[in-house]
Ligand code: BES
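The chain that follows stands alone, in the form predicted alone, written as structure tokens.
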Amino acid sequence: MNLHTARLRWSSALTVALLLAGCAGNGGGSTPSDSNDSGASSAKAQRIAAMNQVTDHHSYSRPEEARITHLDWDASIDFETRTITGTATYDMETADDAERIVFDTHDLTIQSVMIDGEPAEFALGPDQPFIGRPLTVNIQPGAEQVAIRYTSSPSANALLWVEAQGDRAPFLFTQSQAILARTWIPVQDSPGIRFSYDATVRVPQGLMALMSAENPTAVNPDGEYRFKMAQPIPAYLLALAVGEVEFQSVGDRCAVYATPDLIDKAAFEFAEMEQLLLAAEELYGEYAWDRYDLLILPAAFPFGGMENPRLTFATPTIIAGDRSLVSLVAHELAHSWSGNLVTNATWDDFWLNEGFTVYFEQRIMEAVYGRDVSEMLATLSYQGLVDEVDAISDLNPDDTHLKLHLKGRDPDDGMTAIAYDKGYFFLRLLENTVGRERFDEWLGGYFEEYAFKGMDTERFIAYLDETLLADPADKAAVGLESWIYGPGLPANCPQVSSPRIERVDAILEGWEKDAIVSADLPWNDWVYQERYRFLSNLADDTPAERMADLDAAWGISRTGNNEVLFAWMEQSIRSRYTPTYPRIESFLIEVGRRKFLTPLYRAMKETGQMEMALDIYGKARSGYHSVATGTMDDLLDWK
């Protein structure tokens, strides 16, 4: 039953209605030009007032003075120089007394700037770590458009240029979250500022270009592609990929893109995407982005997935051959509501994106695959969260708060299990407190009321107080302060129960006591979550001989499920089970997913195997994205 009866529908009329109602946070939705009547002036004043409500410490932009509303991007992609040369032309909305518009840049070469077709004065400010340099452009009252011609750096942090190998063509992809869009385009790079866009992109012949927009389904022989994103998005959701890829439909609104060697495997693996989409709509309202497609990137992609609107970017490590890792797709799909539709206003509010998304992901998985599967996932999340809280508490307890304080720091520091899983358990507590039916109705209404707007933590609390927790007894039962502004996990954290996981734990205990031999494990009857639980809970001092016994019985080193393989490799390092080491080295050279890299390199470091870690990292580092090398360099003290 769909409790969200007033469904959100994308139409030009609704877009205007939503955006004229005023934006929330540092920015808001893209709007049509205001007319001169008093109603339009009032709407503009409301938007400007809303922009003053929060401050984004990671952006130089001054949206209360002037902000972008639409981008027309014309660009050429050069694989030889590893640069993007382009012109970013923005429509802008300005306050009546605006004197400048400010953009975020990082290692961009700015060739020229035009205001309404005339050369304009501009200046680049001093460079700051993580944030880059402000580009300030002088404007006159009434200015409507700014055009910036520029070239990116070959070492732009958002871009990974994957070299051609054998018969495999070169590949380029971007990763703009959190504040890396500014490294490949001058932009107001704040999650609270939204804009629609059109683009014309020229690439080498034979390659296909794709963006977070309406996409082609076949290679254009002349290498020129045109894109349109009608819905307004923040800069971190601006995405580009260029490579030899093919398209295959898996539903009325869903398709996969992948390299020729992976396209059939990807189409099989993600054949149920439409089913996931329908389940999501049944829960919280109509999908607002027209299509939901998925692109399999090279293995060097640093994340499991990135929720770029209309086109999720995904790692090939989720192709297991048995559709067992589709929870990642459910997660990125859920972002189409929580994150892409209602967006954290600043990176201090990151939990508003990810906590909601993990909750929504779990509900999708429950609806499609059953509660026993979703509760196994929730149990694994809880295990990871407890470990993360312990680790972070030793370094900085404040980083275990939901509301973060990242001023002066790279916002990437906030992308931990706290935002994801502590946020999830907070929402699960809300559901438990008021009941699922009431919670679902509230959450659907939240997504509708704040569609295409930003949300910060304090305004969210006020909204929660006025709506779901209007009853003082409910508010007292939840304890907002301890969850949002307090460290660790509050005492009222919901408990998860998975009989299947409990059986795995009992079997593991028997195995460790030699009451169960390896050959008698129900390995072939277990799904990946059960196998992962068993391996990830092995004692660090498990003898190599016992690892060999497990491997001989079940061939775990040869598994095609990368989540299971990762757990096995980490334990192999800690047990010094050397027969797995060649697989570990080849895996780390090929795969750049940070979720796997960090624990594996850390395990080598903590077990006194730094020589191996540095040797492998030296071979692999040039193939990793900057998001991964930044973390690994610090972990391994790489110079």
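Start at 1 with the first residue shown and count on from there. Since this is a predicted model, take the numbers as computed values, not measurements.
Below, we turn to the form predicted together with the ligand, even though it does not appear here.
In summary, the region of this chain contacting the ligand in the model of the complex, judged by heavy atoms within 4.5 Å and restricted to 176-184, 484-492, 128-136, 467-475, corresponds to 176-184. Among Y532, Y197, F303, Y150, the residue placing a heavy atom within 4.5 Å of the ligand in the model of the complex is F303. With the partner omitted here, the residue from F356, Y90, F350, F426 that has a non-hydrogen atom within 4.5 angstroms of the ligand in the model of the complex is F350. Across the proposed site, E307, L328 and M415 without exception bring a heavy atom within 4.5 Å of the ligand in the model of the complex. Contact between W337 and the ligand in the model of the complex is not found at the 4.5 Å heavy atom cutoff. The closest heavy atom approach of E332 to the ligand in the model of the complex falls within 4.5 Å. Under a 4.5 angstroms non-hydrogen atom cutoff, the ligand in the model of the complex has Y420 among its neighbouring residues.
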